[in-house]
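Coming up is one lone chain in structure tokens, specifically the form predicted on its own.
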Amino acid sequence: MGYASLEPHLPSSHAPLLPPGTFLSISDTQASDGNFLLHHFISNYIKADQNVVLVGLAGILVHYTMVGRKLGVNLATARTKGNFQFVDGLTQLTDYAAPNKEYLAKPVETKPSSTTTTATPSPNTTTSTMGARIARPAAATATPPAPPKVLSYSPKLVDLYKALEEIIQDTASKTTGPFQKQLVLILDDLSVLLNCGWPCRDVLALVRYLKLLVAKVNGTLITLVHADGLMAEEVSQDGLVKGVFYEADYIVDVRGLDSGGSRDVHGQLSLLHGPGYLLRQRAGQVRENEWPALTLHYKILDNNVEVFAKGYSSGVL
């Protein structure tokens, strides 16, 4: 699978995968990149013959393909089989993309008439007793689904959401039956959306809608966001981190050592409980010690990541 030393510390009920219908939030810093955890989950789901939808906001497909080869995963083959879908998020969010205009809210055009004319009623209109024509509702197939109201001020985010909705629903429809595959949706860097100018409110709304969308197909959502201490002074960035944590079931915080750099230890992983996990725990929906809250150290190698308890690095022992 991915990193063997990390497996024992993940939720044990569905190892090496995450429990269906859950949300994992990964936070990191500029000095300690948490992207290696995304590669771990991509590798696990592909090797388990499950479905992966990866939204590249910071990384490109070539990067994930090269790292996947080091972990023994061929993303090109998985893409051909239909198990792996890559969405170039930034392309979807720029004017160079070809957005589906039917999903955008369109104002109703009204043309004032200065003279009274008699027109033949169209098939979609009826005449009331007072002589006024009332438009019949169009057929359901002709009416496009309304965009999420919270995202109505960010049409490009609506385009991204609708594109992901179509991919997820299409992928889920192909795996119906007793052996339905589990789906995971991964967004590799939510902070990019803030840096591109989208307000924190709309980015959090996108995360909430994607969480509900994935839950409908009994899938899993994984996101990564930057949580540098210096960036906490920025209201939008701090609000994004706290808002994503509030929606999460599991949280993995990747940071450097408080004591500074080390040759044998590159940083620490803090496994934390999110509000969703605590609610399910109170309802008796999780097993005892399914996700123990603890802090681990890690060391990144060429084609592996070693995870171990604090004070148990190879250099110390």
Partner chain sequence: MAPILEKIMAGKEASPFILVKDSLEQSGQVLGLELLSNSPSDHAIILVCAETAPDRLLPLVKGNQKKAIVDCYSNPLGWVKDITTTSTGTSSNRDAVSDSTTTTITLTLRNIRKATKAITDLIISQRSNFTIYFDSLSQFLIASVPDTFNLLRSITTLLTDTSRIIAIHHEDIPDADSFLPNSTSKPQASNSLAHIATTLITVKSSEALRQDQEDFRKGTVTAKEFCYLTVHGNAWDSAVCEVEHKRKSGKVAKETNAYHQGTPTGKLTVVNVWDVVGDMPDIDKMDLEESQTSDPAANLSFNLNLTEEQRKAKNDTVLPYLKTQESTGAIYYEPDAADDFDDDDPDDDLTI
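Residue numbers count along the first chain shown, from 1. Every value quoted in this text rests on a predicted model; they were computed, and no experiment measured them.
One more form of this protein should be noted, the form predicted together with its partner chain, which is absent from this view; the next part is about it.
message: With the distance limit set at 4.5 angstroms and only heavy atoms considered, check whether His39, Arg79 and Val265 all reach its partner chain in the predicted complex.
response: No: no residue has a heavy atom within 4.5 Å of the partner.
- request: Spot the stretch among 183-191, 84-92, 71-79, 160-168 with residues whose non-hydrogen atoms come within 4.5 Å of its partner chain in the predicted complex.
  value: The contacting stretch here is 160-168.
- prompt: Just one of Ala31, Ile60, Leu278, Met66 has a heavy atom within 4.5 angstroms of its partner chain in the predicted complex, so which one?
  reply: Contact residue from the list: Leu278.
- prompt: Does Lys216 make contact with its partner chain in the predicted complex, using a 4.5 Å heavy atom cut-off?
  reply: The answer is yes: Lys216 has a heavy atom within 4.5 Å of its partner chain.
task: Using the partner position in the predicted complex, report whether Val55 sits within 4.5 Å of its partner chain, counting heavy atoms only.
output: Val55: no, not in contact with its partner chain in the predicted complex.
message: Contact with its partner chain in the predicted complex for Leu294, defined as at least one heavy atom pair within 4.5 Å: yes or no?
response: Yes.
field: Heavy atom of Gly239 within 4.5 Å of its partner chain in the predicted complex
entry: Gly239: contacts its partner chain in the predicted complex.
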